[in-house]
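Shown next as structure tokens: one chain only, the form predicted on its own.
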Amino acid sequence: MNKLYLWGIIITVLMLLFTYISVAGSEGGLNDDIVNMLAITGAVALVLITVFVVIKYVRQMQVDSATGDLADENWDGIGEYKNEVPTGWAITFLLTMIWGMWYWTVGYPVNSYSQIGEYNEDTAAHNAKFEAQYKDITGDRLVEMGESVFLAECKVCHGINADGIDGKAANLNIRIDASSVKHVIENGSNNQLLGFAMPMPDRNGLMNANAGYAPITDAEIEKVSAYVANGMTGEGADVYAGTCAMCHGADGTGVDSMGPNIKKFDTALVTNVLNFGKKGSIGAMPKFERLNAKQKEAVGAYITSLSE
């Protein structure tokens, strides 16, 4: 007997034996339960069909040889036969296409029930109820809500005290540090901190009016970075006035539709970061779509309160 057939018989017997032991040892065992009987019948059929198909094609690979005319093209001496697509393959492919069209239009149309759709509807309804219930919260209560949301969503990166966990994320107790300012000046920015795209040029596009509109130098970058990080105090005021004030305001609190507030946090600024995400000197922060508008406003109020 061919070794292939012998191995097929051995594997079939072992798999059927394993199936018998599994069913006999389960709760209910081999009784007259129709479900158990169907399961056993299906398992036996699956084993027999699988072994038969494997033996058939392995045997075919052992003894068959390819025939037919080769196509003119070849790749590294490997050619392709001009054989027609097997009839069974063609029929199966056609039936799959027909089944697919039936499935999407009749069997399970795209507008039918789905757990994801139900979840999205429930989430939207909850957010609407939440915003209606808390829409009038302001002041200290809004800050308290923001602290709760921060501890649930933000502390993983920014730390429970919002100090950035040793530089792993921004320290939110201050508006910005010198390294972040320097990074933005050197590389530019388009973080949509105003709620829309308003790109800031890199150092090659920044000119110091006090120096006759000359490109900003390394020394000036160091000075103005420290100046901004220190809350608009110390050396660098002249560089800031000649290079940055036009967009960010003389006091750093921003100019509408021109530049964001770089002196201190405000609710709108934090909300825009949560809406659009942000890239900076230490990496990228994702946007937080799972928070609703009131939660983002609350987080903005809480973070603003940290540096007041």
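In this text the structure is predicted, and so the values were computed from the model without any measurement. Note that residue numbering begins at 1 and tracks the sequence as displayed.
The discussion below concerns the form predicted together with a small molecule, not included here.
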| property | result |
| --- | --- |
| Within 4.5 Å of the small molecule in the model of the complex, all of 168, 269 and 288 (non-hydrogen atom) | yes |
| Touches the small molecule in the model of the complex: residue 283 (any heavy atom, 4.5 Å) | yes |
| Distance check, residue 198 to the small molecule in the model of the complex, heavy atom within 4.5 Å | yes |
| Exercise: residue 101 in contact with the small molecule in the model of the complex, heavy atom 4.5 Å | no |
| Contact label in the model of the complex: residue 49 to the small molecule, heavy atom within 4.5 Å | no |
| Stretch in contact, per heavy atom within 4.5 angstroms of the small molecule in the model of the complex, of 92-100, 108-116, 183-191, 75-83 | 183-191 |
